[in-house]
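As structure tokens, one chain now follows by itself in the form predicted alone.
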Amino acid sequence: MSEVFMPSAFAAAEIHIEEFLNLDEFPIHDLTNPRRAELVAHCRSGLDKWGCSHVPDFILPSAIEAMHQEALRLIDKGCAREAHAWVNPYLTKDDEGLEKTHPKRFFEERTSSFINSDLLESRSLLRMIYDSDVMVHFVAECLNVGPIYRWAEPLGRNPYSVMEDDDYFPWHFDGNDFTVSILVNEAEEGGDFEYVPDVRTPNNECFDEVGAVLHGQRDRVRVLSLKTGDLQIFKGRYSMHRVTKTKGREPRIIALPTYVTNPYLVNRPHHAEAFYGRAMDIHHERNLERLDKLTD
């Protein structure tokens, strides 16, 4: 029998997006508004060119503070799972049958934490943002992909990522199609988002190109220094990425509402274990072949 996990907390009728958006500046609810068309065009341009779009100051300061306080309460309760583990970009085990220089044998220590989605508070504003149909439709238009769905993944559908002093989130690929990031609290130093756009394709792992980046080649690496309240939409399945080491007393906290084109799929068991600390029954039951043949 499958384990029970917390469903979405809000019906669409209960979500008032003005609680987290300035609708004059970001009228994503109004399909006729020229400003909305500009936002969509801006995001599509960044995604087409770089596999990443960035909208500064997207979330209201009051909403960011509410999310910040929720994350701090959950951290104080011990809900941020520390993940001191050695991982490769694919979150797979070492394969001694490969050459030592192969990307699958490139391991780094990950020390960042996640507040898993099933631990969010019942009135979580992050859950409200994630459950908003208006947000789903806006993200789909920005991606120029549709339909998209909220993820069935119970642990990683909308978590907080937490990086304390001296934490590092190494190079990796995502198991899902794309992720929306909302920076809730900046690190005092470091914590830059680095990524390599489209370093692999649905039909080619491009191990030589991946390996070159892992061993220090920087000509294809892009750097995005997010600020509190910024929105980022990112295609992380094909673009390898990391977060540089953080410094300071204040943790870097980022919300990660995540959407997919296949609402049935979840993380593979090894991916759930590596990121979220455990695999549930659903991860084994839905451990199906992907349309692409890439390593998660």
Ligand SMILES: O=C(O)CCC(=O)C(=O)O
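The numbering used is simple: start at 1 and walk along the sequence shown. None of these values were measured; they are calculated from a predicted model.
The same protein has a further form, the form predicted in complex with the ligand, not shown here; the description that follows concerns it.
Contact check for L256: a non-hydrogen atom falls within 4.5 Å of the ligand in the predicted bound form. The ligand is not shown here, and in the predicted bound form it never comes within 4.5 Å of any heavy atom of Y90. Although the partner is absent here, F106 sits far enough away that none of its heavy atoms falls within 4.5 Å of the ligand in the predicted bound form. Contact annotation: R127 falls outside 4.5 Å of the ligand in the predicted bound form, judged by heavy atom distances. Stretch-level contact check against the ligand in the predicted bound form with heavy atoms at 4.5 Å: of 37-45, 63-71, 246-254, 50-58, the positive one is 246-254. Among R81, R150, R200, H172, the residue placing a heavy atom within 4.5 Å of the ligand in the predicted bound form is H172. Exactly one listed residue, out of S161, N185, T111, N158, brings a non-hydrogen atom to within 4.5 Å of the ligand in the predicted bound form: S161. In this stretch, 193-214, the one residue having a heavy atom within 4.5 Å of the ligand in the predicted bound form is F193; the partner itself is omitted from this view.
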